[in-house]
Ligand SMILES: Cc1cc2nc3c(=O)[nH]c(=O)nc-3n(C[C@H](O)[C@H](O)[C@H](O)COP(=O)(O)OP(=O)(O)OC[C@H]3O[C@@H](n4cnc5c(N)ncnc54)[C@H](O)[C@@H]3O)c2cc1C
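One chain comes next, on its own, written as structure tokens: the form predicted on its own.
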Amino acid sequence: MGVSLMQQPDKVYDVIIIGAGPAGTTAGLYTARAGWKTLLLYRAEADGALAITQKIENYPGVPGPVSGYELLKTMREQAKKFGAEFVRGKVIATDLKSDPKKVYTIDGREFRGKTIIVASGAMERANKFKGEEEFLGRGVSYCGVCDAAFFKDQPVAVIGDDDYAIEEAEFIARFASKVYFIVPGSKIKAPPEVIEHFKKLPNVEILLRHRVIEIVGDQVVKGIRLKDLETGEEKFLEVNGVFIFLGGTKPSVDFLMGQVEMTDGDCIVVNEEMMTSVPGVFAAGDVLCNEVKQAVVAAAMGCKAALAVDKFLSGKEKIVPQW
């Protein structure tokens, strides 16, 4: 996981990259290779749009078919060889006006960097479930590591459909008496070995093709109403907690807390050198709402952002290409 910077108050990175998809990982490869101390913060091993893509055959130089997860792993290994440091941690807040800039993860760690590249993708949900906001903090949670212990020996529901949701659910299953893993679609978007390991946990029940109708309770969560899309029947599960790890298509930028200029659709605005309205803060990939959502395009943007960071940190007059 890396060492908490609360224990290393003097450690400052040259660049902190938020997100380790093709944009973030390519940026990290370039900045690390240029000799800059580089940290990449990522949410889960198979996180982001590329990681959940089943088959890729058109990535230049990589004869397919290869899974998005395998391609991403190859990219990350390449970045690590040049010294890029990868640390797992979901980013929830930032202070972009301070010097150095500060990044905070959901488990309470603080990381500091001279520059930031935001490459967190676009997988946030636009719509909430009925009862979700009402019971937030009273049974509804978005963080297993933070809240699982509150549900020791109690039944809970976990709503999700990918590797990140499984990782969180496995942790929650250490505490809960029963974990209902609710998947809206017909399959889980995760590597087969991850799913197989998850299925073997004795207190986990996977419910495929189940849509959440409502989270119900009084002062706290008492249960969840579902519709089985296979049979059409409705069912009620008595649970004390509901953990939600579903993705969507909105840019994942809540942690910026409005500190950089954005469009009405939460898309980050950058100049031709990928810099945001805050000096030293750059962005790349799907957070820019680029019309062409392709891994190779995201990687190219990550490269541009990294070269701009190199220019910014070294005080060069213009961007210098790397080979």
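Treat the numbers as computed from the prediction; the structure is a model and nothing was measured. In case it trips you up, residue 1 is the first one in the sequence shown, and so on.
Another form, the form predicted in complex with the ligand, is not on view; read the next lines as being about it.
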**OP:** Please determine, with the chain shown alone, which of 31 to 39, 262 to 270, 48 to 56, 275 to 283 has non-hydrogen atoms within 4.5 Å of the ligand in the predicted bound form.
**Re:** 48 to 56
**OP:** Given the ligand in the predicted bound form, answer whether the residues 18, 89 and 255 all have a heavy atom inside 4.5 Å of it.
**Re:** yes
Original post:
Would residue 119 count as a contact of the ligand in the predicted bound form, using a 4.5 angstroms cut-off between non-hydrogen atoms?
Top reply: yes
**OP:** Answer with yes or no whether residue 296 is in contact with the ligand in the predicted bound form, where contact means some heavy atom within 4.5 Å.
**Re:** yes
Subject >> Within 24 to 46, the residues that have a heavy atom no more than 4.5 Å from the ligand in the predicted bound form >> reply: 24, 41, 42, 43, 44
